[in-house]
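First, one chain by itself in structure tokens, the form predicted on its own.
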């Protein structure tokens, strides 16, 4: 049995979306995004006190990139994954792990806009730098999707994969701080992949981290 330990609107949504697409049986344990993640019980699952944590057949995993690689190798090596020796293997690995590059900048913005409650706690410099870094990541995705290759509907030429899930979930979080309107290919791709039932099933059913759809770049403008 697989058990996913999850907080809504965090990186663990990436694993939840993947499990839904894989259509394998799993249990979901949801937590509030608070000190519960610092409890000895949870730290035994994820030593840094972060989600996701995954239990599978008595073993424990953490880190989304590792979980994505393992689940794809185990359950969908030539579907959502791309196995060693296949033409898109290198590109698949790059984009699966690029998701974390984008997510780390979004995490910094989440801290500034959401976790810090008083304006005097926030750093305009950090907010400006991290938003610029998110835009750079969006530029990279836009460039990939704009490459003049026939049937480039997804990050890989060979079609939808866990790379789209990983990066798509990272964009889901990042768009709370940087709008997609200046990246039309990215916006079209994002609309396409988030219309999937697997994504819809991974959305929060109650409160998540983000209380609003978009956080204006206060106090930068």
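Residue numbers count along the first chain shown, from 1. Treat the numbers as computed from the prediction; the structure is a model and nothing was measured.
Below: the form predicted together with a small molecule, not depicted.
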- [ ] Could you confirm whether residue 63 comes within 4.5 Å of the small molecule in the predicted bound form, counting heavy atoms only?
- [x] yes
- [ ] Consider residue 33 of the chain shown here, and say whether it contacts the small molecule in the predicted bound form, taking contact as heavy atoms within 4.5 Å.
- [x] yes
- [ ] Find out whether any non-hydrogen atom of residue 51 is located within 4.5 angstroms of the small molecule in the predicted bound form, and reply yes or no.
- [x] yes
- [ ] Using a 4.5 Å heavy atom cut-off, state whether residue 178 contacts the small molecule in the predicted bound form.
- [x] no
Task: 193, 186, 173, 45 - the one with a heavy atom within 4.5 Å of the small molecule in the predicted bound form - done: 173
- [ ] Could you tell me which of 155 to 163, 35 to 43, 178 to 186, 22 to 30 sits within 4.5 Å of the small molecule in the predicted bound form, going by non-hydrogen atoms?
- [x] 35 to 43
